[in-house]
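Listed next as structure tokens is one chain, alone, in the form predicted on its own.
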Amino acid sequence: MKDRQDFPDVRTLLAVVLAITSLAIAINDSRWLLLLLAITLACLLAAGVSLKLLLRRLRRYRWLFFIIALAQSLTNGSGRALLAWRGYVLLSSGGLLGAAAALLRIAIILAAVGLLSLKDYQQMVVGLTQMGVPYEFAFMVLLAVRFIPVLMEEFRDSLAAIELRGVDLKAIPLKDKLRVYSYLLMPTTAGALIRSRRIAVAMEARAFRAYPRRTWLEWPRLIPWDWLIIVLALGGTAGVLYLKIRGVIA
């Protein structure tokens, strides 16, 4: 019987994340997006994921949120004009609603992806393989995902090395700061490529892709609770999309 620690299965989490992100992209109404965000947060709490991690993630992208909100406000002049200059609508009620919808959409997607933190990379590879994805492609995708934090770590280490040499990046002008960042981009990329080459050599030394199929130490099975969550997630998504096509949901 499946251990309680293995519930929910990776395929269950992928189905839930796919359902939530699809609805976040399809829905435009801020009220429905707010409801979807509440459902996503409830899923995180039910799965035991700390919301502090999500808050740190959202705080990290605060400038991106501001830029998106500003762009939505300037490009959407529908509704009542709140701020205008020489006949150009700079801020409107429709722009504010569009900005709110964009911010809610990003928050929902980031929160949904947090569900995947419940599983490690090995479990993700097995889950994708069980869904019919070729194991070469599954390994390639997950290695690419792993190298994103590696690349960020290389960049942070380079910044720390510069600051230890007495360079105050906060005090220098923006032009010089961009120049420093451009100088760091090449060694950071080179360091990540060196690591990726070492991993490729290690995988080839272990006869990766020697056979068309792989054997796995663990091959988990879906329990009835997994099937129930998958059916509810995909069925609910199909129902909401049907209501959107009928015009009930914007």
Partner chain sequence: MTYIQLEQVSFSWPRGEQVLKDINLAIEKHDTVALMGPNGSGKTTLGKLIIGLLAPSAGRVLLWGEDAAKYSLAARGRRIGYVFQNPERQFFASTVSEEIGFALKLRGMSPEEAEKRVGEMLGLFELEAYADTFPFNLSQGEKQRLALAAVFALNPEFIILDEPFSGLDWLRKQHLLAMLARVGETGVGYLLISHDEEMCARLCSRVLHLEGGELR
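None of these values were measured; they are calculated from a predicted model. Positions refer to the first chain, counted from 1.
Heads up, the form predicted in complex with its partner chain isn't pictured, but that's what we're talking about next.
Though its partner chain is absent from this view, in the predicted bound form it lies within 4.5 Å of a heavy atom of just one residue from Ala42, Ala200, Leu64, Leu53, which is Leu53. For the options Gln72, Gln130, Gln123, Ser158, the residue carrying a heavy atom within 4.5 angstroms of its partner chain in the predicted bound form is Ser158. Taking the partner from elsewhere, no residue among Leu143, Glu204 and Arg206 has a non-hydrogen atom within 4.5 angstroms of its partner chain in the predicted bound form. In the predicted bound form, its partner chain lies within 4.5 Å of some heavy atom of Val167.
In the predicted bound form, its partner chain lies within 4.5 Å of some heavy atom of Ala190. Residue contact with its partner chain in the predicted bound form: Glu153 places a heavy atom within 4.5 Å of it. For Tyr183, a non-hydrogen atom is located within 4.5 Å of its partner chain in the predicted bound form, even though that partner is not displayed. Contact with its partner chain in the predicted bound form, defined as any heavy atom within 4.5 Å, is confined among 190-198, 64-72, 30-38, 217-225 to 190-198.
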